[in-house]
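Given next, in structure tokens, is a single chain: the form predicted alone.
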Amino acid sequence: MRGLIRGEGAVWALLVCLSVAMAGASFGYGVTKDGGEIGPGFLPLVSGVALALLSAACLLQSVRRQAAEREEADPGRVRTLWTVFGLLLVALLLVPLTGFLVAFGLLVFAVSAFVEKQPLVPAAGIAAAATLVIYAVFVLFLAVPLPGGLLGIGGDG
């Protein structure tokens, strides 16, 4: 069983709040379009609800463990968690400028290369593959226009 990280519960609680806000904001984009098609707010709604549920489960698990464990936790894990959280916020801020797909690809690359310390070429490959999968699933298969930002790549421009 892994040890409890100081501040872990606060991070999960913050993530629950942000994901609920993301799900709520998705209604502003329109979850469905005329004719019953999936709208641009569908992906943020599904992602926000799923992230909120997973974060709430992790928060509950963290709170339960907090009383049981008193051992000192690895401070590197807390730093990693906050680093990923900060990178996620940067990616969200980049979406209006670069579009969702570019911001998502940069997020995956940064997490893979700098947090997970993978070599740059495999990290770039992972980022490109993840971005292509997201593009194929949401733009090509589900016909959900992703925010294109100023570049207009893969989205509604």
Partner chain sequence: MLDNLIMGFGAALTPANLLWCFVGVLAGTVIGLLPGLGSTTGVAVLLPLTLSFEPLTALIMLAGIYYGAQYGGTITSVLISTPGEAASVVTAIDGYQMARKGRAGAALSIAAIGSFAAAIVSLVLLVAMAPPFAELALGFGPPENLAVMVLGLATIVSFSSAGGRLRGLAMAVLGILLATVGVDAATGLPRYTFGDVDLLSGLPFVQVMIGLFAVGEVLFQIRQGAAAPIRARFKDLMITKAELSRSTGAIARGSVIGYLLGCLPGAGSTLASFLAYGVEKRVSRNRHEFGQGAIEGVAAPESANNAAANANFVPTLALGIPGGATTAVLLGAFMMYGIQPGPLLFEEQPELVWGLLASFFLGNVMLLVLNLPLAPMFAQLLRIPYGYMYPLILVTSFVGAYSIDNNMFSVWVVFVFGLVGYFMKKFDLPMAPLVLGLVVGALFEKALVQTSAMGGGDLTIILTRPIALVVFLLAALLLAGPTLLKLIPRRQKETV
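Positions refer to the first chain, counted from 1. Worth saying up front: this structure is predicted, and the values here are computed from it rather than measured. Take the two forms, superpose them, and find the largest set of C-alpha atoms that agree within 1.5 Å; that set is the rigid core.
The discussion below concerns the form predicted together with the partner chain, not included here.
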_Residue (of Val115, Val63, Leu97, Leu132) lying close to the partner chain in the model of the complex, criterion heavy atoms within 4.5 Å_ = Val115
_Given that the partner chain is not shown alongside this chain, does Val102 nevertheless sit within 4.5 Å of it in the model of the complex, heavy atom to heavy atom?_
no
*Taking 4.5 angstroms as the cut-off for heavy atoms, does Gly152 touch the partner chain in the model of the complex?*
no
*Verify the contact flag for Leu15: yes if a non-hydrogen atom of it lies within 4.5 Å of a non-hydrogen atom of the partner chain in the model of the complex, no if not.*
yes
_Using a 4.5 angstroms cut-off on non-hydrogen atoms, would Val137 count as touching the partner chain in the model of the complex?_
yes
_Just to make sure I understand: among 43-60, which residues lie within 4.5 Å of the partner chain in the model of the complex, judging by heavy atoms?_
Leu43, Pro44, Ser47, Gly48, Ala50, Leu51, Leu54, Ala57, Cys58
*When you overlay the rigid core, is the Cα of Ala25 off by 2 Å or more between the shown form and the other one?*
yes
*Return yes or no for Ala91: a CA shift of at least 2 Å between the shown form and the other one, with the rigid core superposed?*
no
*When the two forms are laid on each other by their rigid core, does Val144 show a Cα shift of 2 Å or more between the shown form and the other one?*
no
